[in-house]
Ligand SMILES: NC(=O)c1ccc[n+]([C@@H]2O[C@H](COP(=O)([O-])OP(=O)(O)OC[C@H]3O[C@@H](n4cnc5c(N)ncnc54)[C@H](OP(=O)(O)O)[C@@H]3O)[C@@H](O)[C@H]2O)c1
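Listed next as structure tokens is one chain, alone, in the form predicted on its own.
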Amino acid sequence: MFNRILITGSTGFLGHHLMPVLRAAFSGAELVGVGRRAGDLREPGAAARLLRETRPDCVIHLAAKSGGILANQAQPADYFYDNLAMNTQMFHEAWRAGVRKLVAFMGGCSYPATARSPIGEDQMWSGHPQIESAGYSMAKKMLLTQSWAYRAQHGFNSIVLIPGNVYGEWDNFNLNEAHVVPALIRKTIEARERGDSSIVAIGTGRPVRDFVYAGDVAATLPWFIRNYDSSEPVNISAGGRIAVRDLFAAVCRATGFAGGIAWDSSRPDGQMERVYDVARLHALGLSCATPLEEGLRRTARWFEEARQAGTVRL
């Protein structure tokens, strides 16, 4: 189907999960995975140069600047510019290079802050994203417009997928940048080792989220690459719901931390409820079925091993 597949961001979080899946699913194709060392995709001409050098007929565009709520609040301009620059140029140059298909990803935080859970894809344009991550969220949201525009004018085949709150091995555990799952895993493991009686976490613990294991997201990609040819986005998540307070208890079971938690309510919660409608995903015959407790155990075990090996982002 495809002879050469270029994967940007292949050395990142989701890329680590995706590469073995692609090797198994597309054994007859050459996979070209590139990370940050391949060049700065924000720079003019970088995307065109990469495409000339690799000559792919399919591009999976994972490269992004991403981080947790604190990092987004501190650097909204960086999150906006970096993502907009990378995405806009990769789309445009992939079309110019004759790429047959481009797969891109955006975050569920691009949905409006007022979206009603479960959040269906039809709610995307009904309001502005939450302000805490609006720079990142709006830059990613432009993927949908670019996919539609290049399909309408040029017949360029691109798809945009919307993973939920993704967690798993190879995540970013830097506490200034991490999302809630890796942050809680790191904090509880380090507190357990120090013998602390409690940890401090940002927010109130009241927000409700829908978490999806990264391996499940990666497992859906071969189907989308082979079969989905529409600019209509698709949510990829578990469709479950859990309050962050209850997530803390689940993380404690995964990490063996027996202490408590102090919620720093002076710090932002973000959107209070974000659960995804996965009816469209299920209608395609796909699902993300790894139980949260199992995914957390895998992630916690990996973190401890990777920290020992010095291969985790701290």
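Only a predicted model underlies this, so the values are computations on that prediction, with no experimental measurement involved. Residue numbers here begin at 1 and follow the sequence given.
Beyond what is shown, the protein has a form predicted in complex with the ligand; the following relates to that form.
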property: Non-hydrogen atom within 4.5 Å of the ligand in the predicted complex for each of M86, Y136 and G164; result: yes
property: In the predicted complex, the one of G239, G107, G215, P76 near the ligand [non-hydrogen atom within 4.5 angstroms]; result: G107
property: Contact segment among 285-293, 22-30, 41-49, 251-259, judged by heavy atoms lying within 4.5 Å of the ligand in the predicted complex; result: 41-49
property: Partner contact for L62 in the predicted complex: the ligand, 4.5 angstroms, heavy atom; result: yes
property: Close approach of K187 to the ligand in the predicted complex, 4.5 Å, heavy atom; result: no
property: 4.5 Å heavy atom contact, S10 and the ligand in the predicted complex; result: yes
property: Interface membership of R209, the ligand in the predicted complex, 4.5 Å heavy atom rule; result: no
